Structure formats: C-alpha cells, structure tokens
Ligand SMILES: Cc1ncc(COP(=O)(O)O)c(C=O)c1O
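Only one chain is given next, in structure tokens, and it is the form predicted alone.
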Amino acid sequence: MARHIDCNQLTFSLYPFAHEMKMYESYYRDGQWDGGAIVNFHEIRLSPAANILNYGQGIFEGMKAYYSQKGHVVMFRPEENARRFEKSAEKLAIPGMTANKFEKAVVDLVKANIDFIPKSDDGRCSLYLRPVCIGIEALLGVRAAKEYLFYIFGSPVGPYFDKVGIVKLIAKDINRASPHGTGDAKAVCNYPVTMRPKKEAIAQGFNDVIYLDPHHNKYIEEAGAANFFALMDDGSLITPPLGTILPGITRESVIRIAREIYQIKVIERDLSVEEVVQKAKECFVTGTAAIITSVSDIGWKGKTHNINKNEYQLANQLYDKLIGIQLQKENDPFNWVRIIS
C-alpha cells in the first residue's frame, strides 16, 4: 500500500520510517560475490576489528528514483553510477562486480520500495538510494579485506540545501583531496575532512564550503558535496577540471546540455576564487542531491561577495531542462532516462 509522503515536509535526511523499507545485501567471501537478496531493513553487525572501522575501506554512490510526468517510475543514468562504482572499487582495492549485478540490485530495490517514492512536480523530492560496499573482514595490519558487504538502502528525501535553491558558500584554503589520491573516487574517507569546515561555515551564516586546490590554495575544486560552475562575463561557462575532484554525473550532464542544446562555450580549466568574485556573472553547484543549486554569495578573505549579477538565469534554464528530461516533461535527446515501471 502506497504511503502518503508530504513532499513539502521532506528534507535531505533519513526518513523516520526507513526501518519499514527494504534493503539489498550481497556478501563477498571465498573469492566471489553471492547472489544477493532483497531483505528487511536491519542493522549490520561488525567486528570491532572490521576493516571499514579501522582502515576505512569503503565506497558508496548516490542515486534517485522518482515518478515522471507520464506516471512512470524512472531513474537517471544508472549505468553511469555503476561505472563510477566500479572505478571507485578498483581504486580502493575492492573486488569489482558486474554492472549488471549493480544495476539489477538497484532496480529490484526500487521496485521493492515503490510505495515510498514521493510524487513531486519539480523533481525536488525523490527516493534516494545509497549503494555501499565496505570491507568487513576482522583484521589488524593495513591491507585490503578478503570479505565485503555490498548493500543498498533508500529513503524519501527533499532538497539537499533548501527549498529556495540558492546557497551561500565560503571559500577556505582547505584541501579536500590531493593529486593521485582518492578525490576522484566516491570513497567514504573523502568526507570526514569536510565536516568541521562545513560546521564552521554554517556558524558563519553560509551553507557550505568551497574547497581549493592542494598546490596553490587558490583554485576552486568543488563544494562539499557538489561540483562548481561559473558563468563568466565573456559568456563562457567554466568548471574545474577532473583529476582530484569527483566526476559528477550531473556535472557531465549539465556540460552536455549547455554545449549541445544551448551552444554555450563550456571550458574545463583552473578557476581561482579571485577570478570568480571579480568576473563571474553567475555561479551554481551540481550533484545528484543538489541537482542544480544557485550560489548567491561567496565568502573569501573576510569579505562576502555577491555573485548574483545574472538573476540566476542560466542555472534556472539548465535546471528546467535537466528536470524536464528527468521527469519526462520533454524530449530526452540523450536517452538518459531509464524507465523502471
């Protein structure tokens, strides 16, 4: 029976009745993955010596399922999450699984929790899915585990930042990742370093932090959980290059929409905070959770700089097009939308 979920009351947090939902789990033991199964939501028992608890060998993904305007349950580019999950696993020495196994598990779980998918006309509410893989072998000594748990849980969620879709960010000379490190993987170890800076940013009246490059401490890398874009005064759309940042699926989708539908010149290059506060007409961040969220102000070196010179026109245009495709309101020229039911 479908549960009534008020989209207006949802935040990006674990749903209070998540324990009533289903989850998926599969174990890797003796050199192979088992068949996996949909099970009731439950706690996970781990040894105090489990690899994930001591050495942090773990990865995850973020995905969404939602109702489209045509009444279908759909997902957005799940095959790209499967590819990124595989790359993250390889970087952290986690045994890979086939894309088919990953995607089938996700689809099966969506179908098992279909009664928990909220309905939303603007795409800000959805069923969020969190695929996770962790090393569970009990051990001492730094090495890759020999046993793993792959699981997926879900939760109805609302907007990541707020319902207005506009945030204030503060740039700090704090490095989230380093070259040849784990910055381009969806690794659990990437996120604890962002928690204290975000807490401090909120205390200062901002929503999140812009992290800078580890060499010069002046070039923008990304926000805490989103990629960064700036529309410059010459009309070009700039986003930091890949390498030490997460290759966001929404990021790549926005680049293609901007280039191929709106013929905007998109450049992936180093972008300093100074250049942004002096020459940007508009800024926004992108991500599965954030979707496309405009940036009104950037804090930098003790000053707050207003970046709203373009009335958020491009961000709104890109958001409407992206959501239009995702919700089947309009044509999907890239074949991005996967119909689940």
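A quick note: this is a predicted structure, and the numbers were derived from the prediction, not measured. When you see a residue number, it is the position in the sequence shown, counting from 1.
Only in words, not in the display: the form predicted together with the ligand, which the text now covers.
The shortest heavy atom separation between residue 191 and the ligand in the predicted bound form is within 4.5 Å. Contact check for residue 227: a heavy atom falls within 4.5 Å of the ligand in the predicted bound form. Taking the partner from elsewhere, residue 287 is found to have a heavy atom lying within 4.5 Å of the ligand in the predicted bound form. Although the partner is absent from this view, residue 168 stays clear of the ligand in the predicted bound form, with no non-hydrogen atom inside 4.5 angstroms. In short, of 240-248, 262-270, 85-93, 141-149 it is 240-248 that has heavy atoms within 4.5 Å of the ligand in the predicted bound form. With the partner omitted from this view, the residue of 201, 177, 223, 231 that lies near the ligand in the predicted bound form is 223 [heavy atom within 4.5 Å].
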